[in-house]
Ligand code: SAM
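Consider the single chain below, provided in structure tokens and representing the form predicted alone.
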Amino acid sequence: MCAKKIMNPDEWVKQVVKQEEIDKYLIDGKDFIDEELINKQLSENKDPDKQKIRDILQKSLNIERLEPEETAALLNVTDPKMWEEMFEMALKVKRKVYDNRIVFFAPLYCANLCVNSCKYCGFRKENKEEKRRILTMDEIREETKAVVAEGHKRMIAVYGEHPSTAVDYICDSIKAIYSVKEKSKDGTVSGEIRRVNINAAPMSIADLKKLNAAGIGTYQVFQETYHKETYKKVHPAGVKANYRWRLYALHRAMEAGVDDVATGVLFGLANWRFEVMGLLYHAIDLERQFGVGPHTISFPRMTPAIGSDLSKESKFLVSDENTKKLAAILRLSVPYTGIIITAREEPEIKKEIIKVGCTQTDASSRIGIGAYTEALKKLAEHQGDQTDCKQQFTLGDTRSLDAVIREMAEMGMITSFCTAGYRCGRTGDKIMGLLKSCTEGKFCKLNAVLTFREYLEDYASAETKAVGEKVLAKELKEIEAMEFYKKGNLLEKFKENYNRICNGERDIFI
């Protein structure tokens, strides 16, 4: 069979952007980021009084999205005691919508070839220190086996922007990931990835339809920065130099039929308060045009990247304190949206930020190309688990999945690997409606218990299992007592499924 011919990257760049697929979403030729208006809102809402802030917090607790002026007021709070109230309310909001759980996933970096020149990224095309590599489908399967062997059920596959990793490659890689069935530690049951999300470049509507047909989960595109002058400076060349092509990537995905989309900012490129406002306006415009906003929002901080001075020297690098603040404000501003904290963060600050309303995190993450299998090879050779793979940026939390789950259990939180909602059709506007009514979280609580039971049986260390059993006992007691579960036969069905998992069945959900 002849190898598929890959278009010259320079020629490919010229034909990617479809201007008509930008213009159709503009209003009077303008996009939804009005910098003058954002700066005005931040300026006019300084020194907000306590009662105003408390009224805004109550609106969040009612699970209503905040207006930009309200978020601007929260961003201007300076009183430490008021911030403590805001942190407490952020956690209340999270628990009201999502209950007491944290969802885990693992990233899989499939390639580091890229046509872009992002000044903060180790993958940029000019970086001569980067060793370029693209995984074959067999290698993707081997990487997936290594991830599954730790107990993961959810994955986000990550790709550079390059003709060799365009839509057809992505579709093939998704099929490869889903094809893996790997035995658990005791060899009794098969593990697999049940949900493949992707972090990939902006695409045309036609290509996004192909992705949707391939069975992607959430389609994630980070704007990186909403500040237009900064965006231009840090993206001097490549497809990514087009601000609006990226800005409307999620709009095109929604139009292509992708139910769940996700956005984020690389905090550290521009003023963090401005970026929070940009994320809110992005959510508002998606809601305006499609009736539903982003499924999740991420807030990674810029960390050192090989060959990038900007990643270490930006004047906008965000402190630990301000990162906790922005995470809380995102939770309060879009109370029904998932909030993701990444393994870029050091364990201690990550633990603190999770307490203000995060719903998802990655663990045991390796971001070099082929890094999971290389780590296993190093361990087999008794060389430790450090890999030689070049990375896009620096990770702060490199602990195992088991260690992070144990920490969450010690904090009283239940780990979830649930993918039930997606496979039952609770996606897009359906899941958002259920989240806003605080109904989805109740189903998620049941499915979190079922998937955590799976993990404790199949993958957990003795130490993690001991702590996890205590959390499960508490969750089971709460489920028994909640009136919601006593309606119909929901409680009986849950108990039946729980017992089936205890007896060796897997992938049972409600």
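So that there is no doubt, residue numbering starts at 1 and follows the sequence shown. In this text the structure is predicted, and so the values were computed from the model without any measurement.
The same protein also exists as the form predicted together with the named molecule; that form is not shown, yet it is the one meant from here on.
Contact check at 4.5 Å (heavy atoms) against the named molecule in the predicted bound form: none of Tyr226, Tyr243 and Ile297 pass. Heavy atoms of Ile340 never reach within 4.5 Å of the named molecule in the predicted bound form, leaving it off the interface. When the named molecule is considered in the predicted bound form, Phe274 lies well away from it, no heavy atom lying within 4.5 Å. Among heavy atoms of Thr71, none comes within 4.5 Å of the named molecule in the predicted bound form.
Although the partner is absent from this view, Ser416 stays clear of the named molecule in the predicted bound form, with no non-hydrogen atom inside 4.5 angstroms. The chain is drawn here without the named molecule; in the predicted bound form, the stretch among 351-359, 75-83, 314-322, 154-162 whose residues come within 4.5 Å of it by any heavy atom is 154-162. A heavy atom within 4.5 Å of the named molecule in the predicted bound form is found for one listed residue only; from Ser204, Thr373, Thr303, Asn100, this is Thr303.
Checked against the named molecule in the predicted bound form, the candidates Ile177, Leu208, Leu280, Cys121 yield a single residue with a heavy atom inside 4.5 Å, and that residue is Cys121.
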